[in-house]
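What follows is a single chain, given as structure tokens, in the form predicted alone.
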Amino acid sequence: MSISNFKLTTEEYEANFADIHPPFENLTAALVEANRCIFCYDAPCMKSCPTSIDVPKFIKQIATENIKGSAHTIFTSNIMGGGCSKVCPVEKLCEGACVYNLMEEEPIQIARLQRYSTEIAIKEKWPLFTRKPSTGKKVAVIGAGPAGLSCAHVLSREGIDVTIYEKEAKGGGLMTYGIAAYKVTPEFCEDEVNYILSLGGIDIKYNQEVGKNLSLSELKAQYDAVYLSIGVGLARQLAIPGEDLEGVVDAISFIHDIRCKGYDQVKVGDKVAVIGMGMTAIDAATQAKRLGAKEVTMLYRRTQEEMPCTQVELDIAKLDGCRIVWLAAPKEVLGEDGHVKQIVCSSMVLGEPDASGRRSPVDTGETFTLDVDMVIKAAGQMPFEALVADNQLANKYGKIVTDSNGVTNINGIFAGGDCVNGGKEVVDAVQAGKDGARGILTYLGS
């Protein structure tokens, strides 16, 4: 067993990381699907979308070959509608609410239709929005992820001058750095960010991080308002012996490397254990397999009924050949010469529900051991608790406390997205950005 890169050929990498949900090949294909829609009154698909995209309207526009109008409808509600069409768990949102499910028929391919019109708009650089004249007001946005970009776009449309401060070298946040490469490419993420910026009035300063080369108090003094969209990015530790052995990595860093480096530059083990069963865990496991791992075993301390990921995501992992072990919690990582060699797991049973409403895992006292050469930790992400506390922001275990419009306890400072909700979907972050922009506009009297 060994952790190495260059496990596959260039052709194999390209095949393994090809688009998992291919788009419609042409307008005719899109029209066929669009014309299946019965354009429900009081449509449940629209209600299930966190950004309230008018789904029947944009599909009707596609059906009448008004692609530009369709893109405008989508972007008006969700400026990252292109990326969301690729990464949203639509099976539990719009498509899951489609009335065709009640008739035991396949739901309308809403995401694929959304992708069709938004991709054309981004590729053709259609100027679908006009910015109002500058009001002279200035707002700083911390973080160029979905929440920050959404907030900035709404503010700029209203004539507010926005400067975004981003700690990474590129914008997009989770979309660019934290999602499986076979779902959305870094190239598309860059195009999407550039499309959002094309409105004007938004400037991004990269490699700027609060707490390092950026001070929240200084920004508050320089700008009329500040919007915090710093996300969550600290990997939850397992707190078990052997966690510091070579070969134990966190899923956030692992996925970040895949997004930033060539596939052949990312090292992966032959036998990999992934701890967790959320979306990030699935992305880490499937990509480890696609990078050339011979065996990938996912360990989860509860059962399938309690898993955070969707059934569709779980099926992707299974189709990729990942093995699933339920009711298993990591107890110790064993090594040899400083390298991972085995992981010892406790066998669990489910007890009474905990604060999350899910039944709590209880240790039976029995253990089992797996031979592994790499362990990927995907047991959740934690807020930047120290950063939040240092800036006197009201918080609950590191999650910033706000009202419905992103208002914090500090006058002129707003927040939204994962740093408030602890980590939800991209589409939820986009809506949080819109809510925050509304709060800022009210505060500025615009």
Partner chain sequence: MADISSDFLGIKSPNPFWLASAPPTDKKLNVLRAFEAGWGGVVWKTLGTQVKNVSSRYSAVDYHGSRVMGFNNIELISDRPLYINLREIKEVLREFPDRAMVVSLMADNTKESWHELIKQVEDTGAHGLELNFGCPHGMTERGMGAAVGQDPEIARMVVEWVMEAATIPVITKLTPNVHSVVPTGLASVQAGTNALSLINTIQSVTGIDLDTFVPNPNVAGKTAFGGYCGPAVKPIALKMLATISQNSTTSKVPVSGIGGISTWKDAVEFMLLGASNVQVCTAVMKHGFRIIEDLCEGLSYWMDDKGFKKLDDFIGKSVPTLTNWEDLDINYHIVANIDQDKCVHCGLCYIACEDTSHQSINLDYGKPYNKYTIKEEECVGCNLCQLVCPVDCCITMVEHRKGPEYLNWKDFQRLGLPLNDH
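Keep in mind it's a predicted model, so treat the numbers as computed, not measured. Positions refer to the first chain, counted from 1.
Quick note: we don't show the form predicted in complex with the partner chain, though the next part is all about it.
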Note: exactly one of Lys68, Lys57, Lys396, Lys47 sits with a heavy atom within 4.5 Å of the partner chain in the model of the complex, namely Lys47
Checking Gly247, Pro89, Pro361, Gly96 against the partner chain in the model of the complex, the residue with a non-hydrogen atom inside 4.5 angstroms turns out to be Gly96
Give a yes or no on whether every one of Tyr182, Gln311 and Val325 sits within 4.5 angstroms of the partner chain in the model of the complex by heavy atom.
no
Please name which of the stretches 373-381, 387-395, 407-415, 30-38 has residues with heavy atoms lying within 4.5 Å of the partner chain in the model of the complex.
30-38
Partner proximity in the model of the complex: Leu102 to the partner chain, non-hydrogen atom cutoff 4.5 Å
yes
